[in-house]
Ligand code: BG6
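Given next, in structure tokens, is a single chain: the form predicted alone.
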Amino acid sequence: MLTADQEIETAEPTNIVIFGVTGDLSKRKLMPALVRMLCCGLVHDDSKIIGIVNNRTEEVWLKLVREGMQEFLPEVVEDENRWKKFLSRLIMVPGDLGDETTYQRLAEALVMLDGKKNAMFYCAIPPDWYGKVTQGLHKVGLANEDEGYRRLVIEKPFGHNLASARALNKELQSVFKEDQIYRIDHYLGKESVQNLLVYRFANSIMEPLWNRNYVDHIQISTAETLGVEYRAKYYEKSGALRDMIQSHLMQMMTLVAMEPPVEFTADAVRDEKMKVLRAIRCIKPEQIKIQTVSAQYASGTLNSENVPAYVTEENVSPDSATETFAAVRFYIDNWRWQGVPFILWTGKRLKSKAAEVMIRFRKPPFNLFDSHASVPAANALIFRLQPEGGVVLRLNAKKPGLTTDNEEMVMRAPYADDAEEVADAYEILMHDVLIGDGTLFSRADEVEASWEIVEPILDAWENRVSIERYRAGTWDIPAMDELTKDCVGGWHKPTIHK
């Protein structure tokens, strides 16, 4: 978490309104993050937290808040003074999101703070409700900024395909201006992701190498050991391509590939990201089998425990062809990256958990040590996003002894010596909303462009009746070796300790 001695921009006092305040996201992430933010000054001390609660009394709601905090941030509950101070900031507005009178009660509940009624509306609710909530806010005048700023936060998925994303954007923009809308992607709030931007643009040492002349290919990945858990109903409709590649990983790709922005402002950064998305080569129907991989986990053994197949998970159809592993090989047709494969892949129930950006450099043009047993490996720069955030550089060095045989040397630079120094993504992103910084949030045109890129793949996969399987707890996905066969080093499988 952030600490009070760090230099941070103080946000104005705000009414922080949470729709879905009794849900899982609020319990696990939002409420604990707000408590930590209040402690270190990321949220102004005079701010209020307003929860929209249906079919519960205030006593029952506060009991749920306490139980959630006891589970995810117990030290707050155990400190009676701290807990009472937090409770004093909570305001409950009873009502159903489908009832217009709920929004009128919300309007009346907003507190005047330093002469303003600033409000952040956080939609921790299913996407089907976004339109209803924004219209409800509009009808009672809560979208206009006459009395203070009004900012709307929505969680992914931002649509289910291109048509629905366009419809959602149109509906949101009919009520709120684009600069009032914050499409939150918690991946971009990770400090290790932001460190990638600083690494690229605050150092000159790598910039001459950051192009097609020296980079062989780039792999951006998230490997998970977990299955679908409680998300099966959502995952059956989504699959790995929609859930991770269209959103998180494509956003990461734009940060890796974009040109330096003219300034570090929201629109300057997002303009450069859009240039990358516009340059991505369209995947034609006949190329989908060559440039994509999809598979689904079967039963297997993970950490010495037997785990079930995806099709036997609760709320999953026994004949489901939903992918739990997806990979796409993209090309960016511009001056910097022409011909360099960008391989984005994600999977569940794999052998280890890690999220990485791996830049594999070309082999040396001439090998002086070809007569020796050990051939130098191609260099790699790896950004580890989670766990153990940091940077790894793989170089070649001479082995100790009388020969010139070489071995790979691994240089590790952890992002922080103490994990407690690293702020939670939701702390960073909610603070950005409170200070009006949209840099780490997706703009409407970015969302639509990313859907347009993946839609041909989704269409090709839509009506399949079967899918390749891989055994849980393994890397046994032969199609990935084929997808990366011409890439130096092949498929990069992350491990916990680099």
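Numbering starts at 1 and runs along the sequence shown. Quick caveat: nothing in here was measured; it's all calculated off a predicted structure.
A second form of this protein, the form predicted in complex with 6-O-phosphono-beta-D-glucopyranose, is not displayed here; the remarks below concern that form.
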message: Within 4.5 Å of 6-O-phosphono-beta-D-glucopyranose in the predicted bound form - does that hold for a heavy atom of every one of E224, Y234 and H248?
response: yes
- line: The one residue among R89, R278, R212, K156 placing a heavy atom within 4.5 Å of 6-O-phosphono-beta-D-glucopyranose in the predicted bound form is K156
Listed residue that, although 6-O-phosphono-beta-D-glucopyranose is not shown, lies within 4.5 Å of it in the predicted bound form (heavy atoms), from M244, V133, L255, L172: M244
task: Tell me, please, which stretch of 74-82, 270-278, 347-355, 313-321 lies within 4.5 angstroms of 6-O-phosphono-beta-D-glucopyranose in the predicted bound form when heavy atoms are compared?
output: 347-355
message: Using a 4.5 angstroms cut-off on non-hydrogen atoms, would H186 count as touching 6-O-phosphono-beta-D-glucopyranose in the predicted bound form?
response: yes
message: At 4.5 Å between heavy atoms, is K190 in contact with 6-O-phosphono-beta-D-glucopyranose in the predicted bound form?
response: yes
message: Just checking whether Q386 would be counted as a contact of 6-O-phosphono-beta-D-glucopyranose in the predicted bound form - the rule being heavy atoms within 4.5 angstroms.
response: yes
